[in-house]
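We begin with a single chain expressed as structure tokens, specifically the form predicted alone.
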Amino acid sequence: MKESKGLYESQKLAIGYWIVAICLFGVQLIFGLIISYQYIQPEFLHKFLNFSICRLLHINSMILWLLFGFIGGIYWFLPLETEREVVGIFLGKIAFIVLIAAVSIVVLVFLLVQIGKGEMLTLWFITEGREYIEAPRWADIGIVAVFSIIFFNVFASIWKAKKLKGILWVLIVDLLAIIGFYIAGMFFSPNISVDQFWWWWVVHLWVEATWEVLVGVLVGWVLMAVLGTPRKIVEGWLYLEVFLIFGTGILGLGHHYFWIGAPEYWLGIGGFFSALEPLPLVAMIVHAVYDAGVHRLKTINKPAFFWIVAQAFGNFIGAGVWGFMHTLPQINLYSHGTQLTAAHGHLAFFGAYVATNLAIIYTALQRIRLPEESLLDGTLWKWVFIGLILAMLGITAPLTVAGFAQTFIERAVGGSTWQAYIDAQLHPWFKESMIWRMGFGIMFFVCYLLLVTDLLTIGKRKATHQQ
């Protein structure tokens, strides 16, 4: 039900998700700065907060804040699509509280307990131990339960409203895939090849495929809100994206099978198809901007518009170009696991997911703080936009240089020996790159603080004048 300001209950829940998301964004950056400094001074916080724990918290807080942002986007746009309050919103609120409590407990366990013996008790209550999905098993089940509630909210709302549009079809299917692919990561096998096979189904297909489709849905809604893009354009490219991501995504998963004991045919299949996933999303945004240009590029929300354009090209360059640079098996043989992977990861996640979340939040702020059809604009967001992009490029470039040094010195010349590893770590290209990365990381954090300031203030002064 709408209140006097015109917000649905689910949209107020979305604001709650975004507040937590932005806080977790800050946590991610703090731990990112710590591990950046630990590359320069390895003794920093040694035996108190070791590199492995800080890196774990850096990556997991990133995954969580992006998820919180996406869920907020679903709860914000769903009632606008169905023209009614979300069915089961009370369950959605309970899931929100449970999710925050679970995240807090897991973070405290990671900080205070950190590791356990190699037994089931550790797997269930401390850490699963597998990179990127370290959360203990009870938290895994909780994540599946929360997404099941979100699926129910979406499906029941659409069913009740009898408004089954193309975008909502895609959302329903994708939510099922998000639940299914995450469950795949719960299989346990003492055979490392089998274990890695299922692990990649979560790391690649869950994060890179189902998230990309979810982002396609959210970007489509943002384009319709800020540019007035016709639904047929959004839905046309979205269908193509689903086809390519689930088509090429499953085959592209093969580039992770290169060195885990999987059959050799994955070398060619995985290398080729993994670079095609971001293309439809880029095409959707280029088509939308072209269509808006035909109508003199009118927008009611400049920060959201610029972030959605940054999303398209950041996604293509970070996920596509930087990924393809070291995806071919002939290159990956030498570059696998070096800082080139970190460079690709930073740029891809920033372009594909961070930019999407910021565009969604700015889209909502226009609706929350200004009258309908009023322009959301300002000065600070422009500095934040430029600063965050420059800082991210500044982080990515030295990581790429460091990765090249590792690929050349440690792998191609040194033959992957322990001494070659040490030689690469001590080489000036690597050491100086870590200092540059730290410097741009500090710049990124300053821009984050400016971003928080802008999110708290943008539109308020204009709304006061208009009153």
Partner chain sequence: MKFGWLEITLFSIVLVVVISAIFVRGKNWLEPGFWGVFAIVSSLVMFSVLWLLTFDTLKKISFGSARVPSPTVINHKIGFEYDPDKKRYMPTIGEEELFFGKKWSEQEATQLLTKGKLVIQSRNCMDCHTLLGNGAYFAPDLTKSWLDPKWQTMIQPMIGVATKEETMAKWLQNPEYYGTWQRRMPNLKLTEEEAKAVVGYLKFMSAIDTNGFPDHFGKSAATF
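Positions refer to the first chain, counted from 1. This one's a predicted model, so the numbers in the text were calculated from it and none came from an experiment.
This next part talks about the form predicted together with its partner chain, which is not shown.
Though the partner is left out of this view, Gly378 does not reach within 4.5 Å of its partner chain in the predicted bound form, counting heavy atoms only. In the predicted bound form, Gly116 approaches its partner chain with a heavy atom inside 4.5 Å. Proximity of Glu83 to its partner chain in the predicted bound form: non-hydrogen atoms within 4.5 Å are absent; the residue sits far from the partner. When contacts are judged by a 4.5 Å heavy atom cut-off, Trp436 does not count as touching its partner chain in the predicted bound form. Against its partner chain in the predicted bound form, the set Trp221, Leu328 and Pro428 makes no contact: no member has a heavy atom within 4.5 Å. The partner is absent here; in the predicted bound form, the one residue of Gly228, Gly236, Gly394, Gly387 having a heavy atom within 4.5 Å of its partner chain is Gly236. Interface residue among Glu212, Glu128, Asp140, Asp174, judged by heavy atoms within 4.5 Å of its partner chain in the predicted bound form: Glu128. Heavy atoms within 4.5 Å of its partner chain in the predicted bound form are found in exactly one of 130-138, 71-79, 378-386, 355-363, that being 130-138. Within 4.5 angstroms of its partner chain in the predicted bound form, the stretch 405-429 places a non-hydrogen atom from each of Arg411, Ala412, Val413, Gly414, Gly415, Ser416, Thr417, Trp418, Gln419, Ala420, Tyr421, Ile422, Asp423, Gln425, Leu426, taken in sequence order.
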